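Shown next as structure tokens: one chain only, the form predicted on its own.
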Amino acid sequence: MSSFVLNFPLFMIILCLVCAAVGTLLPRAAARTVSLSLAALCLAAIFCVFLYVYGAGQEFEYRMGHYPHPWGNELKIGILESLFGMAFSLVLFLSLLGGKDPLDRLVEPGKGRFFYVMADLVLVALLVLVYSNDLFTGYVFIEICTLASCGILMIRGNGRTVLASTRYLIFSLTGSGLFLFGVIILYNITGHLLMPDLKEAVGALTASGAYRFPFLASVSLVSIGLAVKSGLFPFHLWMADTYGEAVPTSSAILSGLVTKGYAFFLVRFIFDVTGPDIFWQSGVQNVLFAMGAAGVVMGSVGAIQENNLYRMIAYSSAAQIGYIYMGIGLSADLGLTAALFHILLHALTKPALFLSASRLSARMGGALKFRNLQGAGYYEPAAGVYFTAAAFSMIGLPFTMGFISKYLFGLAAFRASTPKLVLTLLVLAVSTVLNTFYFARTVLRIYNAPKKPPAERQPAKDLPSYIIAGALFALINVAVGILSGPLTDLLGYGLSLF
């Protein structure tokens, strides 16, 4: 009976699709209840799967339709897959729970239910990217995720959000096209799309020395394509406009979940398709490292130059994406552990920043300029506290996940070559100073010399749900920051099972 839980990933994927279809027929409140219940159920079901695979100490492949590969399709269920499936479900649940107020304020009542339909589609796409053992199936759900993300971004319905969503779509489809070309080349030289078969064929090709250039081209296209979709420098230019104009709940989901799903799928490609040794022989990791290091610095510089709260957080997101890809380029052990840890950190922190910023802005009459947010933390104390806690984690203060993340990157740097060691430590030092500058400036502003709030703006509503979501974001962040050992050990253990 215990092995029945291995069916749960497929059940959750089907249930997400069913809920998305049903949500189009429901009123706004009912659609929200369905989406919250779906995310909570996915979290509980995947937690059961996690307990099973952790106890078994090995991965399992779930064969759909009972057809063997290469004719059938498969899901792979392991430690990391279950862990990130839980994390994505939890972050979506908390983002929807705490993000009701900006949706009610900024989205027309008749459009509200479609936001939750798109959220259900984002969740199913992320779960497929986590579990699918088929590269082309991954591509299909990458496109579903792209279209659902555009729907979430455009839900506000004004001209600026449409323009920002169009810019996002152009960048995202460029990344999708590069990824697809890479998959086509890989299929042409191997004849396979299922990851176990691909890994075996790639190993044979590497040993024989055949198709060296086509293989390098395919790996490069897949890697850069996913990097473009994640918003890695220099392909981050859509972030400020998109996050700055979208409903904050949309920005929370896109920044906290969608871009992380693409990064995790790249980690799966490295381990399940090429194998880490062959990937590192290709040299593509050096390009990702350089782009990631540049992204950390340039994203932080962009954040310092901004005087708009949402856009500042958006540029910070570009910097955090740089950390992830810098870790992927460092090494296959500690570097990837640091990258995976940072995915979790960013997923738990950025939604808290966007949702808290939304409440601070709403309380001060919709202001987004720093000078007009002065004293906002006094009038929205919960939002002020949660924003401060998330900002401190982004800086990397002790007892937060951000501190552990930077420690892991520093530790991984000493396993790398001397140029990467020096550059990584330099980037960590510079980015920490820059992060401290723009986040500390914001925190000081919202607590400095409070002004009388505008009379025409009522306090943000739905406070209990926001307090619960914000408290959980903050508590998880601090708890993992204090007791990080089990999680980092689990990440390392999961990588060893790939």
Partner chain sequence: MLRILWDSRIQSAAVILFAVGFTTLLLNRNLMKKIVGLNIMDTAAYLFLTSIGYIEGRLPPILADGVADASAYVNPLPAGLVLTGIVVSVSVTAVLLALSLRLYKRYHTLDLDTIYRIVHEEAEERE
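Being a predicted model, the structure only gives us computed values, none of them experimental. Residue numbers count along the first chain shown, from 1.
Although not depicted, the form predicted in complex with its partner chain is the subject of the following passage.
Student: Find out whether any non-hydrogen atom of residue 169 is located within 4.5 angstroms of its partner chain in the model of the complex, and reply yes or no.
Tutor: Contact check for residue 169: yes, within 4.5 Å of its partner chain in the model of the complex.
Student: Using a 4.5 Å heavy atom cut-off, state whether residue 139 contacts its partner chain in the model of the complex.
Tutor: The answer is yes: residue 139 has a heavy atom within 4.5 Å of its partner chain.
Student: Please run the contact check for residue 181 against its partner chain in the model of the complex: heavy atoms, 4.5 angstroms, yes or no?
Tutor: Judged by the heavy-atom cut-off of 4.5 Å, residue 181 is in contact with its partner chain in the model of the complex.
Student: Using the partner position in the model of the complex, report whether residue 381 sits within 4.5 Å of its partner chain, counting heavy atoms only.
Tutor: Residue 381: no, not in contact with its partner chain in the model of the complex.
Student: Please identify the residue among 419, 283, 159, 398 with any heavy atom within 4.5 Å of its partner chain in the model of the complex.
Tutor: It is 159 that has a heavy atom within 4.5 Å of the partner.
Student: Under a 4.5 angstroms heavy atom criterion, identify the one residue in 274, 317, 393, 165 near its partner chain in the model of the complex.
Tutor: Answer to the contact question: 165.
Student: Which one, 131-139, 410-418, 289-297, 253-261, holds residues whose non-hydrogen atoms are within 4.5 Å of its partner chain in the model of the complex?
Tutor: Among the candidates, contact is made by 131-139.
Student: Going through 186-223 from first to last, which residues have a non-hydrogen atom within 4.5 Å of its partner chain in the model of the complex?
Tutor: Residues within 4.5 Å: 187, 188, 193.
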